[in-house]
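One chain is shown next in structure tokens, namely the form predicted on its own.
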């Protein structure tokens, strides 16, 4: 279980997050919604161990994000909104490059299977020749090389075609249910949130997204 307990984040004198508390269970996909500037990306950066909270605690099972930071990083996969891959390299070369930086070793066949599972078959194509949807899939595949238990995705389907969105959503559902990953997913697409997520966290004071989701039958928590 991932537990966020009374977490606060300040930048100088500005409070971006205040007293956030919720849990994520194994095999669960949590949707994170809220207006721009509500702190969704900030929260993901805290959970990705890129930033540290100003107050409160975060734990993964029995491990503290404060005391066991280096160990926890091996269990975290983070996909930022900006695509972070090498455009001049092929899909294969990107996967090999990031595998060398990974916490786990993977064979070439295992790396290719990660891509194939997401319907990314253009193994020898340079990334610059890929569609936006294919690039997003590669970004996710790279993040999964070290088999993270927690997967954090910040707008992973923004600006891509509907087919790629559906394929990514289907793949993430299988990762949660079959691999028991905990997934936190931000999106402004409420149809995507309703279809993909088990529960929804509404972050910030604006209740617009919460009201949109009221009839979806999803459990919605405002924090």
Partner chain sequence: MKDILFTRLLLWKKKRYSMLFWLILPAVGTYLFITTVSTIQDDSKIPIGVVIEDDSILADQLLKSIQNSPLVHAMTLSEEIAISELEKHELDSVFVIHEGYEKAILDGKRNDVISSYRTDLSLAYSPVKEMIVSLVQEESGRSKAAHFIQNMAAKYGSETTWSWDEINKKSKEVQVDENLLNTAFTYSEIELVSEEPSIFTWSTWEIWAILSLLSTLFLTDWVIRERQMSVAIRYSFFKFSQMNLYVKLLLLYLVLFLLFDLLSIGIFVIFMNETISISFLFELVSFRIMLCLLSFSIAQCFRKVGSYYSFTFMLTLILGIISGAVIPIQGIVPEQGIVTLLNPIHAFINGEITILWNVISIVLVILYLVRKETTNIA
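Rigid core (definition): largest C-alpha set, two forms, superposition within 1.5 Å. Numbering follows the first chain given and starts at 1. Model, not experiment: these values are computed from the prediction.
Quick note: we don't show the form predicted together with its partner chain, though the next part is all about it.
Novice: Using a 4.5 Å heavy atom cut-off, state whether residue 177 contacts its partner chain in the predicted bound form.
Specialist: No, residue 177 sits far enough from its partner chain in the predicted bound form that none of its heavy atoms falls within 4.5 Å.
Novice: Examine residue 116 and determine whether its closest non-hydrogen atom to its partner chain in the predicted bound form is within 4.5 angstroms.
Specialist: The answer is no: residue 116 has no heavy atom within 4.5 Å of its partner chain.
Novice: My question is simply whether residue 130 lines the interface with its partner chain in the predicted bound form - judged by any non-hydrogen atom within 4.5 Å.
Specialist: Answer no; every heavy atom of residue 130 is more than 4.5 Å from its partner chain in the predicted bound form.
Novice: Can you work out whether residue 110 and its partner chain are in contact in the predicted bound form, taking contact to mean some heavy atom pair no more than 4.5 Å apart?
Specialist: Output for residue 110 is no: heavy atoms all beyond 4.5 Å of its partner chain.
Novice: Just one of 28 to 36, 56 to 64, 165 to 173, 42 to 50 has residues with a heavy atom within 4.5 Å of its partner chain in the predicted bound form, so point it out.
Specialist: Going by heavy atoms within 4.5 Å, the stretch is 42 to 50.
Novice: Could you tell me if all three of 73, 84 and 96 have a heavy atom no more than 4.5 Å from its partner chain in the predicted bound form?
Specialist: Yes.
Novice: Even though the chain is shown alone, can you say which residues of 96 to 112 have a heavy atom within 4.5 Å of its partner chain in the predicted bound form?
Specialist: Heavy-atom contacts within 4.5 Å come from 96, 97, 98, 100, 101, 102, 103.
Novice: Superpose the two forms on their rigid core, then report whether the C-alpha of residue 74 is displaced by 2 angstroms or more between the shown form and the other one.
Specialist: For residue 74, whose C-alpha is compared between the shown form and the other one after core superposition, the shift is less than 2 Å.
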